[in-house]
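A single chain comes next, written as structure tokens; it is the form predicted alone.
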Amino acid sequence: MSGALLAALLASTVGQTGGVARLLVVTGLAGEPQYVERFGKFGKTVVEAAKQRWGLGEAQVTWLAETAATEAPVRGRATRDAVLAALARLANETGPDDVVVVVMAGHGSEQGTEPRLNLPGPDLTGTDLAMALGAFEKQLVVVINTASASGGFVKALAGPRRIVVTATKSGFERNATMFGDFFARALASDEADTDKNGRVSVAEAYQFARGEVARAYQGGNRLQTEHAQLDDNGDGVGTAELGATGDGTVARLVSFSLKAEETSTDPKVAALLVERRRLETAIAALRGRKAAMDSTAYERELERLLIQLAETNQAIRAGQTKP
């Protein structure tokens, strides 16, 4: 990954200055009443988190569900054509370095080597989605597919400026998954915020959900039938455990806010708030690289950033108390 791209991503936090975020939520065919309720809860949790925590407006969030509702927050029926049309619209509405998040829940399958998300009418295939994402040439796209048999979407969607998360490692893991429930919980609470910076990165949410899935299976004394993976280096090979290098580097830099961002009508204070967010993101990225760095260099850089953050916070407080 180029240094220029990493520099751009350092400023990219979902719902914050540095990229106008868009969210597309797709909940597919349920099949049984228990999944109707479960997928509905998943969609509602993610949409509410986006609006109440990330600060996204109504026009920035689209939820397509199995059954179209006459009222918000569901905006339409989750057909293949509707999903592709929504993505085409988002590609036109967003520009360079904007962050577009696509979250999917439902049942999946695989025919041959083609992964699918089961939707009303024709299924959405990996090829369909890859072609639609081709329109996002300069945006950063995050795809989180929490469906069963979703593993094949990693290879299908891999590419530059892409973070791809799936609930399973292959199309052979066909049982209904729990990963999505825990991933949604990570976005809507502070449980996954391991560095306590008020935001949850894609990597933090992934690791939280993956850990909770393992604990749920162990607690029930059951054989685990889902193994999540993440790819963000574009090689099309997912990683289960995120290390200091390789997959996870970009996922640590893109984060979801856990509370409404502080704002100010004072231009100087507003600029300082932007700088604070930049510094907090840089600190999180540095901590993610700790294992791959010389300890002295790491401590020196961390101290420099922390001092800058303290000075920025002091300036914000001074500006807010100014008569």
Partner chain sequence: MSARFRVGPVVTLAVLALAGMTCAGDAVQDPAAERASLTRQLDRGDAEAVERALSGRTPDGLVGYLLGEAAALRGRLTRADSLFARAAGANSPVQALASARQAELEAARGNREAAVTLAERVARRLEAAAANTAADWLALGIAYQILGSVQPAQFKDALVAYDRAVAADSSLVEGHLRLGALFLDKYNAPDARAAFTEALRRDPGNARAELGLALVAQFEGRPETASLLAQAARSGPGLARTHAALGRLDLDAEAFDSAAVRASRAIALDSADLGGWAVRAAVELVRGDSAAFRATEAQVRSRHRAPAGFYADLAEALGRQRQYANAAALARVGVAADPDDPAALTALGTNELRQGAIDSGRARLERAFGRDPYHVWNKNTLDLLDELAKYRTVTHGRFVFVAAPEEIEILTLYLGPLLERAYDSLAVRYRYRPPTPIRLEIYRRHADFSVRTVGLAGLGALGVSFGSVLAMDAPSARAVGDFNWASTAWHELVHAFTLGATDHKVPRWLSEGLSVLEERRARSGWGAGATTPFVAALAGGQLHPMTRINDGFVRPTRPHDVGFAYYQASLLCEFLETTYGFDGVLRLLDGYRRGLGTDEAVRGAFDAPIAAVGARFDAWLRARFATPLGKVGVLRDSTVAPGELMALLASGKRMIEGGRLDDAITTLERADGMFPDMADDDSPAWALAQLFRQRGNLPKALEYLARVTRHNESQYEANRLEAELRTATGDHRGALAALERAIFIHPYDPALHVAAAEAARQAGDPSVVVRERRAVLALAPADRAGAHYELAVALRDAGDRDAARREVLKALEQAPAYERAQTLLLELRRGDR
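Keep in mind it's a predicted model, so treat the numbers as computed, not measured. Numbering follows the first chain given and starts at 1.
Just so you know, the form predicted in complex with its partner chain exists too; it's not on screen, but the next bit is about it.
Chemist: Heavy atom within 4.5 Å of its partner chain in the predicted complex: which of 51, 287, 278, 38 fits that? Just give me the one.
Modeler: Only one option qualifies, and that one is 287.
Chemist: Looking at 111, 175, 194, 127, which is the one with a non-hydrogen atom within 4.5 Å of its partner chain in the predicted complex?
Modeler: Contact residue from the list: 194.
Chemist: Is residue 29 a contact residue for its partner chain in the predicted complex, using a 4.5 Å heavy atom cut-off?
Modeler: Taking the distances in the predicted complex, the answer for residue 29 is no, it never comes within 4.5 Å of its partner chain.
Chemist: With the partner left out of view, is residue 92 within 4.5 angstroms of its partner chain in the predicted complex by any non-hydrogen atom?
Modeler: Close contact is absent here: in the predicted complex, residue 92 is far from its partner chain, nothing within 4.5 Å, heavy atoms only.
Chemist: Give a yes or no for residue 269: in the predicted complex, does one of its heavy atoms lie within 4.5 Å of a heavy atom belonging to its partner chain?
Modeler: Looking in the predicted complex, residue contacts with its partner chain do not include residue 269, since no heavy atom lies within 4.5 Å.
Chemist: Is residue 24 close to its partner chain in the predicted complex, meaning a heavy atom pair under 4.5 Å apart or at it?
Modeler: No - in the predicted complex, heavy atoms of residue 24 and its partner chain never come within 4.5 Å of each other.
Chemist: Quick check for you: of 98-106, 218-226, 83-91, 160-168, which stretch puts a non-hydrogen atom within 4.5 Å of its partner chain in the predicted complex?
Modeler: Stretch with heavy atoms near the partner: 218-226.
Chemist: If the criterion is a non-hydrogen atom within 4.5 angstroms, does every one of 283, 303 and 313 touch its partner chain in the predicted complex?
Modeler: Yes.
Chemist: With a C-alpha distance change of 3 Å or more, do residue 314 and residue 196 lie closer or farther in the predicted complex?
Modeler: Closer in the predicted complex, by 3 Å or more.
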